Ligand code: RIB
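There is one chain below, alone, in structure tokens, taken in the form predicted alone.
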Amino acid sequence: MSTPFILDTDTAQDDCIAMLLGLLDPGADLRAVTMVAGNVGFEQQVRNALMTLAVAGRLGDVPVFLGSERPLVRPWVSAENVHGDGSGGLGMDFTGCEPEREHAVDALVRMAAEAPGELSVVAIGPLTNIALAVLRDKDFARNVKHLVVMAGSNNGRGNITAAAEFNVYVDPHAADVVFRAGFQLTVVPWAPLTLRDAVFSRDQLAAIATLGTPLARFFERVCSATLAFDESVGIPGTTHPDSLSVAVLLHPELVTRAGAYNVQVETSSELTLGYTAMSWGVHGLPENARVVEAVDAGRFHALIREMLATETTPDRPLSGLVPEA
């Protein structure tokens, strides 16, 4: 039985791989892609999403809705120093590739209301669109079956500041709204989970490169800038928390340990802005999230490799995506 869901994304690097999993996994029913300001410039994010659809042979099959182009309160902060343009310099003819006219927040509210309790959301960027949907419709959190967010660190290190993970730091006020909203909520954190269980080493990347498929070449290209950055800061490979978040929704058996937590977001301190304080049940605070603590890393890596081995016929040629001689 397939899992219907919406992917809310700031498409760059692993967001692209997360989208591919939603497009190609046999258990996935990706109903829509909603775009939010995050990793790279908004227009570039949209182009990256369209190229991902094209390389999967699904251009035009899944609607793309444009959402918030800035956080609720603060100025937008990018991660272009990490991801470059998020696509490894790939290009495509975008003629005729028009996003939907409906705003992403309206689409989220409408689609959840049309199928209350049936549609899940995976949010792998800042939580601006999700917070606005909560503020727009008091029933939105109840209508969403399951919200999976790639957000925060479990009382661990950040990746944009010492205290904060990027998605929460970019829009901490939105994250605060979301964690208070009453969703059936699962959190895939940056540390320690991603850094331990969702890193592809050089050897694993080399094995993927031997697959020779358009998807494998796409993976290698879009992850190249992030690989260089990750290695420069001591991470032994590329990080893939976004595709792990989609995998956790589609394959819950991947989760080997999770706990019920009270998660609160720091919204005022200059030093710890965006910090996710995750209380593990000993402080008398009400639980508001299930936090993933460990996954079957081997099975996750195999799942991504199996997906990238799929032969696809790209809908349009991507400049820079050519077979090795």
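So that there is no doubt, residue numbering starts at 1 and follows the sequence shown. Everything numeric here is computed off the predicted structure, so don't read it as measured data.
There is another form of the same protein, the form predicted together with the named molecule; it is not shown, and what comes next is about it.
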| query | finding |
| --- | --- |
| Contact test in the predicted bound form: Asn167 vs the named molecule, heavy atoms, 4.5 Å | yes |
| Gly84 within 4.5 Å of the named molecule in the predicted bound form, heavy atoms | no |
| 4.5 angstroms heavy atom contact with the named molecule in the predicted bound form for Asn39 | yes |
| is_contact(Pro241, the named molecule) in the predicted bound form, heavy atom dist at most 4.5 Å | yes |
| Partner-contacting position among Val222, Val246, Met150, Ala133 - heavy atom within 4.5 Å of the named molecule in the predicted bound form | Met150 |
| Residue among Val144, Leu108, Ala175, Ile124 with a heavy atom within 4.5 Å of the named molecule in the predicted bound form | Ile124 |
| Interface segment, criterion being heavy atoms within 4.5 Å of the named molecule in the predicted bound form, picked from 86-94, 198-206, 158-166, 133-141 | 158-166 |
| Residues in 190-221 with any heavy atom within 4.5 Å of the named molecule in the predicted bound form | Trp190 |
